[in-house]
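A single chain comes next, written as structure tokens; it is the form predicted on its own.
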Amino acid sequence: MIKTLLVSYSPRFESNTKKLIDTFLNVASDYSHVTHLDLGKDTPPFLLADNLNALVKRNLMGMELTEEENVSVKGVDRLLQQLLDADRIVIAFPMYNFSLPAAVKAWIDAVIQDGKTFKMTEDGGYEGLCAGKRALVLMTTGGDYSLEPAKSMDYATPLIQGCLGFMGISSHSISAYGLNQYEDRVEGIVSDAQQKIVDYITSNVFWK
């Protein structure tokens, strides 16, 4: 059975994002062992002076850390190890102000580590070290970002998929757009996204 890391952020009461998460959990339970990281309850550490400088010292400079420095990076390394242990990753969140919620971005900042999930190549480029892993991105939005001109303001989808690709993780995105814009169609929009999740998981052998 494959190992899946579900990274979610859905703190709102009656969250539509949670409905997508629950759909994934219902269908994936037959195929995968799921570890659920709820960023609303288990908030990832931000990169600040202590842990950031310790990561630079260890990952970029190849130096041993002091006991205090090892403690400072313990939080980000826990998140990193969860990612490394997973075969599949699901990331679910609502769009905030055209991009990712801060907690989701903090998770990304924690797991993108030089020498761990990517490396610099001799020609000055980058190589992802997580090839073989696959990800599914689930997103909800208040406005309809499926059409222009709003589509060009969806910075969340290219950002999250770009970060995953940087680590060598191919990804697929399913979004429920316009949940505030089309208040009379919310149930249908969510239902359509839920069906896309079911179809995607059940029709792709690499999720089984």
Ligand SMILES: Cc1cc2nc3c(=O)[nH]c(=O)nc-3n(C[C@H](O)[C@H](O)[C@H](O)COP(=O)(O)O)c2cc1C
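Start at 1 and count along the sequence shown; that's the residue number. In this text the structure is predicted, and so the values were computed from the model without any measurement.
Beyond what is shown, the protein has a form predicted in complex with the named molecule; the following relates to that form.
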Check: Do Gln81 and the named molecule come within 4.5 Å of each other in the predicted complex, heavy atoms counted?
Finding: no
Notebook entry, point to check: Is Val111 a contact residue for the named molecule in the predicted complex, using a 4.5 Å heavy atom cut-off?
Noted result: no
Item checked: Asn51, heavy atom within 4.5 angstroms of the named molecule in the predicted complex -> no
Check: How about Leu179: is it within 4.5 Å of the named molecule in the predicted complex, going by heavy atoms?
Finding: yes
Notebook entry, point to check: Does each of Pro94, Thr140 and Tyr145 have at least one heavy atom within 4.5 Å of the named molecule in the predicted complex?
Noted result: yes
Next item on the list: Given that the partner is absent here, state which listed stretch (67-75, 127-135, 94-102, 112-120) has heavy atoms within 4.5 Å of the named molecule in the predicted complex.
Entry: 94-102
